[in-house]
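Before any questions on binding or motion, here is one chain by itself as structure tokens, the form predicted on its own.
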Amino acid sequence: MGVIICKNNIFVLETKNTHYVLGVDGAGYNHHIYWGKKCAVGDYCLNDIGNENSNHTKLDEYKQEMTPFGQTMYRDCDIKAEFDDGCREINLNYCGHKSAQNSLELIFTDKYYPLKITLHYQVFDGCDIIKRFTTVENTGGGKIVFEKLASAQFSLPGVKPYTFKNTNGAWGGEFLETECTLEGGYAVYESRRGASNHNNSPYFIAHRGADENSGKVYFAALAYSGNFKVSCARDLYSTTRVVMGMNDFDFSHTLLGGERLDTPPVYCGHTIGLGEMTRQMNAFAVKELLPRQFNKKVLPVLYNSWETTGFGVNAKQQMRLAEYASQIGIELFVMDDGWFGRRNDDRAGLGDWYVNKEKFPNGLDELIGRVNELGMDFGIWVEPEMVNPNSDLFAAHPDWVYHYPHRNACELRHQLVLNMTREDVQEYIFNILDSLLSKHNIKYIKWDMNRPFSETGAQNLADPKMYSYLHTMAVYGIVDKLKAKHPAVAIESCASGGGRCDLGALSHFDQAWTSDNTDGIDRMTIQKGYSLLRPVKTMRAWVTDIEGINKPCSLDFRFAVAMQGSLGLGGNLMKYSGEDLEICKKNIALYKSVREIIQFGDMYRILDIEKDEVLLNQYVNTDKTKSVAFLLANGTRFFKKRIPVCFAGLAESKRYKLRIQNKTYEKGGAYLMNVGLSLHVRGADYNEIIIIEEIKPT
């Protein structure tokens, strides 16, 4: 594996199972040559394409790694800029390359203007993931104004149409899968809201009839939490291309002399089957992307107070909740909104990060001390990027929000967005959170963001249309700075539910809040969409008292759903019966015994709740000695009595023991995966957790 440099400026990126091949021709144009199963390296070559006629030129037909605006290229471009004299065309010379064992840089400069563009590539041992990004640099003294600056372009192999998988969700219904077969024209997935995930997702998954286990799959995920755009197109030559990066909607970036910018990275890959895509991205993200403090550690079982108390928190009540939480095995107690300022509802106090003395007359340490006495760590909720107009912070600094001088600001959830591109705002947020962590034994922050952007005026910026990028980088920077100073503190990304769960956020935050919708039945669908290209370990999933309107499900059922990520609880434990508390205790103990497999193992989606009426997800540890499977159904139809259930991911030659439906089986891995078991799965609330363990040879 690594970078192979061939003659005639052909470059091969070799991963575990694939080749990604690119090249540069004699005229200096960059070309995409191939992406797929490994071939003989010496066979790769550049094919010359002549002009078809005056309306269809060879430049417009080229498959490229990066397409600049100009000349006779009329398709979607990656980079568009205006130079000092008004010229808006980029004309590049190839200047050479730099390479190491696992990395490659291709360097281009404009033939007249002081623009340098570098295409970056990196491969990683043991997987089929490739990192890509682009650097632009102004090597002169004037300015270059970019109207578009994408991270990467992909040309997919073959001429048949691809089906693109993405999400089309909303608050409370994040990560709902959608598919579109693109026969011609464009399909665009994007965000214009300032965060990345409530609706579409910043990735593409392209296939031609692939399923979990078969079919070629091409995918790429943008590691960026701001406004993004993924533009897919199929042209008259039957070539399918994808351009992805920062959204060019309401975008502009100026490079002054000597300045440079790296675009957000893209992580791409080619696998056989959607399941292998998920497993590779999960393992890759845990190893290479997640923050180093906790990437190899299991995440604790937490309790969050929000759905029990809302804004009405106080010291006595929180300590009482903590006592119940400790009895059932909770490891981290998190107090949510309502502890600060004049915060009795969502109309006031946001931005005033001082303890409410009426609710906590003895300060936070009384509660934290009690939580620690009970054997748990303490965590707290904040929403640093937002402010209520009814707050001390806004009264003191009304200019700190995004605004236009002669427009009325739109309030969503009675709050405005702080202008994070300002250094004084960044300094305030860091200092207030640093002080909170320095003064108190807090081990966890739930960082929320409860509304999208509007009135995006940023008078402090010479280039105000760069607000989305700069805001996003400011959030990343503050989180990184806090984690460097307080390495024992884990930070969760929350954006009114799952609004900021991309690989960019997960490169800085330790985990993500999946959705404000904690309905156990809805969560089966939401969690599947999350798992496609995001690591399971980072997916916070709570058991709460929200059973679903007209969709009742038992406490055991809700646990069986929430265990399939990083488990949390949010129900009102003070109202639970003794029997309910025992169910919680039993399930938490079970989760702790298998969470390492769930958080770090290989995931197999075997049965789909939407297509099969039954959910079967299985997690297998690295050496295939132990596995846990979750079998759930919430209302099977048409008198189905028995279904064949085949497991996955086991070693064919090993023998395993499992117990299901009150019966113990001892079978070989090959049998369990190919013949399977005939199981009776029926009812409105069927759930079973199956532990599969290797039988050690005697």
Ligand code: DGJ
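Because the structure is predicted, anything quoted here is derived from the model rather than measured. In this text, residue numbers run from 1 along the sequence as written.
The same protein also has a form predicted together with this ligand, omitted here; what follows describes it.
Engineer: Check for me whether this ligand, as it appears in the predicted complex, comes within 4.5 angstroms of all of Glu82, Asp110 and Lys148 - heavy atoms only.
Structural biologist: So, no: the whole triplet misses this ligand.
Engineer: Is the gap between Asp337 and this ligand in the predicted complex 4.5 Å or less for some heavy atom pair?
Structural biologist: Contact with this ligand, yes.
Engineer: Any chance Lys446 has a heavy atom within 4.5 Å of this ligand in the predicted complex?
Structural biologist: Looking in the predicted complex, residue contacts with this ligand include Lys446, since a heavy atom lies within 4.5 Å.
Engineer: Does at least one non-hydrogen atom of Trp306 fall within 4.5 angstroms of this ligand in the predicted complex?
Structural biologist: Contact check for Trp306: yes, within 4.5 Å of this ligand in the predicted complex.
Engineer: Can you tell me whether Gly275 touches this ligand? I mean in the predicted complex, with a 4.5 angstroms heavy atom cut-off.
Structural biologist: Outside the cut-off, so no.
Engineer: Within 4.5 Å, heavy atoms only, one stretch in 554-562, 402-410, 510-518, 325-333 touches this ligand in the predicted complex. Which?
Structural biologist: Flagged stretch: 510-518.
Engineer: Within 4.5 Å, heavy atoms only, which of Leu255, Ala223, Leu156, Cys494 is in contact with this ligand in the predicted complex?
Structural biologist: Looking at Leu255, Ala223, Leu156, Cys494 one by one, just Cys494 meets the 4.5 Å heavy-atom criterion.
Engineer: Quick check on this chain: which one of Phe360, Phe124, Trp381, Tyr576 has a heavy atom within 4.5 Å of this ligand in the predicted complex?
Structural biologist: Of Phe360, Phe124, Trp381, Tyr576, the residue with a heavy atom within 4.5 Å of this ligand in the predicted complex is Trp381.
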